[in-house]
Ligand SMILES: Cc1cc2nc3c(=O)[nH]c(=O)nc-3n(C[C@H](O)[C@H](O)[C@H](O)COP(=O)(O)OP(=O)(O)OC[C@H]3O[C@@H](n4cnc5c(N)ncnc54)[C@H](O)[C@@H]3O)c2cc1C
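Coming up is one lone chain in structure tokens, specifically the form predicted on its own.
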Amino acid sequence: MPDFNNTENAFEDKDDFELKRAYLLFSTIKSPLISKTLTSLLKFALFLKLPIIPLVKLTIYKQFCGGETINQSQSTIDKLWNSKIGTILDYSAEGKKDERDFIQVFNQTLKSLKVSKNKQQIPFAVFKLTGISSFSLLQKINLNLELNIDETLEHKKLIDRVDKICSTAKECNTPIFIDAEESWIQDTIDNIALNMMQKYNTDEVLIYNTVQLYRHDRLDYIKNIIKQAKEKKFKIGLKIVRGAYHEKEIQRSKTKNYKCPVHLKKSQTDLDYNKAIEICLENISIISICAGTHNENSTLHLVNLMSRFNIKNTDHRIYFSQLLGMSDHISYNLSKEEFNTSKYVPYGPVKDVMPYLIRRAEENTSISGQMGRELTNIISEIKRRKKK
């Protein structure tokens, strides 16, 4: 059983300088007021094109990102693998809108798959559909609206790109995650992911869809695709997360006056998350999962379920995952017990990754107790080292 209080394991690859930098960063963003003020100033500075990139690169970027390229991220990949923690390569340029940017994300996704070929230390790659096609197109498809000629061509281009990514995943034998996004484009994403799973997950799981359990309809979604998988003889890959757009989902449902698609109480999300894991393990013969969570209780729940179902810690069908720069007490202590463990390692030019970093800061302040736990662990380790 992993001991999440063991900070010596958690920070075994961090030197004193790295610990102090993390302490200063988490101390700053612990306060929602300070964090919101700083993120607002950051957005304003970006809008005015002020020269803030060097400062960002030395602070929040250094904590949460691997580098500007895969090559620059290699030292992070190697460092994690020294602790038997795999890397999920994530080209995190967000908020792009033109064809040139879509091609760039598409090519980077293919590159991350090819780099991962025959490399244990890179067990997965990941991409967003909004990285390779326009949000407006996905939303229009989601609404079942008729597409014009240009949109029809763009839709075909999107499907061709997704299929090329999935076929490359098969060629490289590296599973790929299709990330979840806002609810008003998620049906489109789910349908594309399902088609790719049916096509490529016949013998092994290579394509994973992402399920956000803050949505109150996701348990039914999981049960439905299990039924389809059994009927049509394919396997399911699921990355199971709580969700990344909670406040945005609530606000939009109020503004547009429709039923809110997400749970309003965190306890409801927690219950659904744990139930989702149970359903998956009950069907482990056709499902592979990656539990993306910073929640200790949910992590231990999965550990206990694995024991109950007599599933080995090293079983390739079950992975745990956390974000680079966060929850090291979970990742490193899981790895010590030989559970399959991975970290999301975002990479990309600093200016392109800024939306990801801003979202990271905004999300973290809304996670009750998260920053406090990070700080407590860092302080405990600093004190432990001083006693040596």
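From 1 onward, residues are counted along the sequence shown. Here the structure is a predicted model, which means the values were calculated and not measured.
There is another form of the same protein, the form predicted in complex with the ligand; it is not shown, and what comes next is about it.
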The ligand contact in the predicted complex: I358, any heavy atom under 4.5 Å: no
is_contact(H246, the ligand) in the predicted complex, heavy atom dist at most 4.5 Å: yes
Any non-hydrogen atom of I225 within 4.5 angstroms of the ligand in the predicted complex: no
Partner contact for I141 in the predicted complex: the ligand, 4.5 angstroms, heavy atom: no
Candidate stretches 175-183, 72-80, 103-111, 196-204 - the one whose heavy atoms come within 4.5 Å of the ligand in the predicted complex: 175-183
Of S116, T293, S288, S92, the one that lies within 4.5 Å of the ligand in the predicted complex (heavy atoms): T293
Within 4.5 Å of the ligand in the predicted complex, all of T210, K265 and L323 (non-hydrogen atom): yes
Heavy atom within 4.5 Å of the ligand in the predicted complex - qualifying residues of 225-242: K239, V241, R242
